[in-house]
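Single chain ahead, written as structure tokens, the form predicted on its own.
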Amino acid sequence: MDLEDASNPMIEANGTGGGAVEAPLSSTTTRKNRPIISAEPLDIEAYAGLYTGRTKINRLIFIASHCDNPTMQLEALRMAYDEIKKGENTQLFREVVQKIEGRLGPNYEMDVAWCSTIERKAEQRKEKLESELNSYRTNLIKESIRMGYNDFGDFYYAHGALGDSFKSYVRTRDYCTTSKHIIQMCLNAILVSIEMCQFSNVTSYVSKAEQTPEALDPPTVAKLCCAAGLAHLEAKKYKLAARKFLEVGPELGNSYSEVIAPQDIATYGGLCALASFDRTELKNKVIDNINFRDFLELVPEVRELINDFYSSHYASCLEYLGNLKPNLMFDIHLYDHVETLYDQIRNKALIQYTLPFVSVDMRMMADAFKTSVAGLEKELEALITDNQIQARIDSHNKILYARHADQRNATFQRVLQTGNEFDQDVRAMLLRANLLKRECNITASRKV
């Protein structure tokens, strides 16, 4: 039996039509001819090429820390080493060298001379910045003071002192003279807050930036949506995160590569939407979303699994999820949420699978979800206990019987309620007509 063929898994279908399958996202190929994308190992070089700045280094270090493959681990560390040498962060450099442990040969060992040179130049640069800032303060030039603090923020950020960088960027707020200056301050504060994983600050400064709409151009709006989406994701507010990622416009492009890549928007937004949206929202806000469709084209696996989920092709959907999972575990923002999102998506698939039917053959359902009957029974028991599925299980015959409401009785109750409401309305209208006829009007006395 083809596991993707869900046409005959039921003993008896309920006539509600709740599981009607609609056409998926536009596709030029039929499902039979469309190949399942295999779980290929992460191409670290291509992955790292999507990012710039500190997040590129952090993601490479994260991969090295969470990877069991020594070859992949060393490749990530090698690329992190080379990237750090392009900058001025000696603290991060020492951490990477310590992780390498001499396994990459003499070219990737501790470079004491480079560290000394960078730190000496940093001290000179810091003294110069302090001198300039003191001069600006003496002359009370607001714009120069703002730029001085901004330069300090850039300096500390480049050298890995994120706390001092954040303080310097925030101090520019008192010296901002235009809306654009406020937006720049907010974006800088958001960038550093994301690096420090202080997402409460991210939410705060996104709100501050949104309070100056006259200075927000489309790319900036897209950046704020990304930042807000990451904050909601970190707080496990998946529905709010999905909405923010779905609001990101195509104007973003690669302009926010120091934080997030367009491929991440498709992945984060798609998985959060699958885990939290109902069927109608998935159709209206994801599948029919022209802007988000452009992002989905960058990650075909996510696009196809959304298609399959909406079209009730659960075997294919779960296969895509399984193929994506190993690489998602290397994502610095998604790592802690993969299991939760996957569980929620699977539970939604189980609920949606059973919804339109009176009875379900659990053996065929287990085949469709690629699990054992015993395992499926436990999953269904949990959903029934949690009141997410209204059903009962015939454990002997392995059949799930839905507990649908008595439609006949419910219809009679609605008719009686409507009749009572109509009777009350008619009586009220007759009473008012009789009062008006006999001029029994009561006017409210005016208070002097």
Partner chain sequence: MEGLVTQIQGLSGTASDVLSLQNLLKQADDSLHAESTRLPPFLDQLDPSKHSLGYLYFLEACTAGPVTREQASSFVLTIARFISSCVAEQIRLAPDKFISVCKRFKDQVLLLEEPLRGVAPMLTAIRKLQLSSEHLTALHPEFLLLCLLSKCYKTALSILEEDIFEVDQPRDLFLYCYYGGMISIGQKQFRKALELLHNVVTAPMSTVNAIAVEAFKKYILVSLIHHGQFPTNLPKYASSGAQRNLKTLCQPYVELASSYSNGKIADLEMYVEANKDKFESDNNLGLVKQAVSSMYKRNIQRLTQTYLTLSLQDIANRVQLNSPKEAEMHVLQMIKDGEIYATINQKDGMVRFLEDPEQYKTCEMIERIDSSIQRLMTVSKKLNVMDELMSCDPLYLAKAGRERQRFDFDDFDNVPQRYNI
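Residue numbers count along the first chain shown, from 1. The structure displayed is predicted, hence computed values, not measured ones.
Beyond what is shown, the protein has a form predicted in complex with the partner chain; the following relates to that form.
> Considering only heavy atoms, tell me if residue 423 and the partner chain come within 4.5 Å of each other in the predicted bound form.
Yes - in the predicted bound form, heavy atoms of residue 423 and the partner chain come within 4.5 Å of each other.
> Give a yes or no for residue 70: in the predicted bound form, does one of its heavy atoms lie within 4.5 Å of a heavy atom belonging to the partner chain?
No, residue 70 is distant from the partner.
> Look up in the predicted bound form whether residue 66 has a non-hydrogen atom within 4.5 angstroms of the partner chain, and give yes or no.
So residue 66 does not count as contacting the partner chain.
> Heavy atom to heavy atom, is residue 419 within 4.5 Å of the partner chain in the predicted bound form?
Heavy-atom contact with the partner chain at 4.5 Å: present for residue 419.
> Of the residues 61, 48, 42, 384, which one places a heavy atom within 4.5 Å of the partner chain in the predicted bound form?
It is 384.
> Pick out the residues of 422-436 whose heavy atoms come within 4.5 Å of the partner chain in the predicted bound form.
Heavy-atom contacts within 4.5 Å come from 422, 423, 424, 426, 427, 428, 430, 431, 432, 433, 434, 435, 436.
> So the CA-CA distance for residue 414 and residue 279 moves by at least 3 angstroms in the predicted bound form. Closer or farther than here?
Their C-alpha distance grows by at least 3 Å in the predicted bound form.
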